[in-house]
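Okay, so we've got the same protein chain twice, two forms, each given alone as structure tokens, structure 1 and structure 2.
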Structure 1
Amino acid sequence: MLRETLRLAIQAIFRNAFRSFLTVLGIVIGVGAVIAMITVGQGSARQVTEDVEKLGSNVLMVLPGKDAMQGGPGGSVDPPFSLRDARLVAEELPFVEIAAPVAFSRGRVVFGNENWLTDIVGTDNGYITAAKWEVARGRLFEEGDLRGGKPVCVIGETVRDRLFGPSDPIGETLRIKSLSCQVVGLLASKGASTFGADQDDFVIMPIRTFHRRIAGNTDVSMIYISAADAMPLARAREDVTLLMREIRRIGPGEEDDFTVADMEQFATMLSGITNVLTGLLSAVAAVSLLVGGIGIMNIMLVSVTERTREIGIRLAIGATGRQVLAQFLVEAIVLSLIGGILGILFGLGMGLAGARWLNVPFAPEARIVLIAFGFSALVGVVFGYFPARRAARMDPIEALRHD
């Protein structure tokens, strides 16, 4: 009986193939959108993890301000760091291999008739090494450059492209505000980050040069620490926190006015943002599943009305109301399953296209595909039941009289 019911349902669906396709279109779009959104979201989260791992698993960042990584009070409220702070971190903690002071600004750089607004970074070679930058051309800073605060700089690929085009920038002089700065090095390109930020758009100079000629103060925006691989990161973070409390003279019971963050925290934060956005977009996409279910119910009601005489004949020759209910319910479920299969193919295709467009890994999850497929079947049961029940409760005599 189940096989016969399934055969009749498929015949009824393909009897009006175009109408059936329009009916399942909402399911296709809903299932496809959910799968595509989650696939791209998972790929973005994986890319975040990979990008952070490239920076090293033993890296700590110390920033002024409590909860600075979560957008809490920053350097404008809490006192900034100094060069002495970074030096003490390197001297007092034996597991610290690099403790690089970093200061940031934003400025326009000029070369000839070209100019470009970029990030100006004051630091030393330790930051470049700890952040795993590679030198494409030229050199890093020499000891005399760092101690004497010489006007030299290392640039990223984006700055080279905007100011120098395809020519070699090594030895050329660019202007930053009133400072004429000689380019001594070009760093290899890292490309865009997961969220589209350009990682090659910067000019790096010795921090003493930055303080004297760009910032006009001796503030340090961040201390970038590279710990020994053998040192557990949690223990390293705890030791750095204790030392910074001592340096900044924070008494017992007083809150820290700085943040010590590691790359795992940074990855968790970015992944959390990605997951929230993915969830919101997926919830919006899932609304179309509801719309698709309403469409199935409407078409099934129309189908029941059109086939009233057929239903009357079946009931008159001995079919039970339960059998008629099963026939129309199976039709609704088959429509939903067809929509679910097409939606899975559509979603995986859109997910692949989105992953390539955003340059993130293609990361489909079998669990999500199965859930979306099961939900499409559930939509068929829920929204197909009312039309099927209406057909099963028809009076055979009244149904046979229907024109």
Structure 2
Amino acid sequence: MLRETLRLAIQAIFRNAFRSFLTVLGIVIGVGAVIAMITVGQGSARQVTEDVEKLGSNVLMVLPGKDAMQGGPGGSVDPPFSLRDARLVAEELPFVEIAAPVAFSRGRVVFGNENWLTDIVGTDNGYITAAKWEVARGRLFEEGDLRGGKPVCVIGETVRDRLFGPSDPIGETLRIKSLSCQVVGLLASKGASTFGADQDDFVIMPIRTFHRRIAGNTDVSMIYISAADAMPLARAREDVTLLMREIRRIGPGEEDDFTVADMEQFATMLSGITNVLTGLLSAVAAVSLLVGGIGIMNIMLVSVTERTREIGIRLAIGATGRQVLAQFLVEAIVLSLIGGILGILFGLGMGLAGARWLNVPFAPEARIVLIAFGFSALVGVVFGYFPARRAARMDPIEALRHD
């Protein structure tokens, strides 16, 4: 009987294939949006986790400004750090293996006829090591380069590709603003990060060179710390915070004017954004499912009216009200499940495209797909019940007289 009911439902749906398709569009869009969003969200979360692992879980970044993580870099009115601050962190805290001062700028780099806008970074070898870059060719900075602020630099793969093409960059001289700078090393590519940011697009030079020739001041915009593996990160943060308060002479009861961030925090922040987006989309999806459900109810009411005579025939030859109810309810459920399945496929497709575009792993979740499937069935039941009940309660004589 159930097989017959199913067959009947599918027949009825495909008899008006185009109308059925339009009817389920709301559900397709609702389910599709959720699936796509969650797939991409999960993919980004996974990418962030991988990135964090790549960077090492024992890394802390000290940035000026209370809420540096929220405001983004560059928005701070609080004073920057100095080279001395970085040195103190390294010297005072025994668990700190590396405390590298880092300063940034954007600038155009020129070689021959080629030029390229990139990140100019002033720092020392510690930063390169702590951030897990590998030297592909050439070398890192020597003591003399660092102490004397020599015009030498290490470049990323993207910059090499843009400026040098197939030829060897080592020993060549770049021009950055007024500075002529010799390339001594090339770092191995790290590839794109979460959300597609290019991690190989930079020129690194000794921080003294940067201060003198690029920035014209001695500001340090970040202290990049690598702590000993044995040190719990939370305690490391605490100690770094206390020391920085001392260095920056922040009185008791006063708020920090800097932030000590770790990659986990960064990951939490990103997943926070993802959660907000997922929530928003879920709301859209809920509305869409509601609209889709009303569409199904409408079309089922039309269908019941159109098929009044059929219902009369079925009742006359001995169908019970319950059987007629089942027929139309199953039809509504099948209809909305078709919408759900199309939505799942559409959502996974969008999720795949989105993941490709954002350069994150494609992470479809069986659980979400099952939930979406369940929800579409539920929509069918809820919105199909009323029309089906109307069919089941028809008076056979009147139904047969209907034309």
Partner chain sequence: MADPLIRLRGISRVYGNGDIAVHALDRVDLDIAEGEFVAIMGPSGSGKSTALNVIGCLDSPTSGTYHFDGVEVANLTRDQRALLRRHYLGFVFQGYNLLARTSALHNVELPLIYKGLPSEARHAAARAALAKVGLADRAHHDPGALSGGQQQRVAIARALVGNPRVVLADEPTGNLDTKMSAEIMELLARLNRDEGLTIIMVTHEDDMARFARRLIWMVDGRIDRDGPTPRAA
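Rigid core: the largest C-alpha set superposing within 1.5 Å between the two forms. Model, not experiment: these values are computed from the prediction. One-based numbering along structure 1's sequence throughout.
Undergrad: Quick check on the two chains I just loaded: which one is the form predicted in complex with the partner chain, 1 or 2?
TA: Structure 2.
Undergrad: Please check if Gly295 moves between structure 1 and structure 2, taking a CA shift of 2 Å or more relative to the superposed core as movement.
TA: Passes the 2 Å threshold, so yes.
Undergrad: Would you tell me if Phe346 moves between structure 1 and structure 2 by 2 Å or more at its C-alpha, with the rigid core held superposed?
TA: Yes, Phe346 moves 2 Å or more.
Undergrad: Given a core-based superposition, decide whether the C-alpha of Arg208 shifts by 2 Å or more between structure 1 and structure 2.
TA: The answer is no; the displacement is under 2 Å.
Undergrad: Report, in Å with one decimal, the C-alpha displacement of Ile35 between structure 1 and structure 2 after core superposition.
TA: Here the C-alpha difference is 2.6 Å.
Undergrad: When the rigid core is overlaid, by how much has the CA of Thr23 moved between structure 1 and structure 2, in Å to one decimal?
TA: After core superposition, the C-alpha of Thr23 moves 5.1 Å between structure 1 and structure 2.
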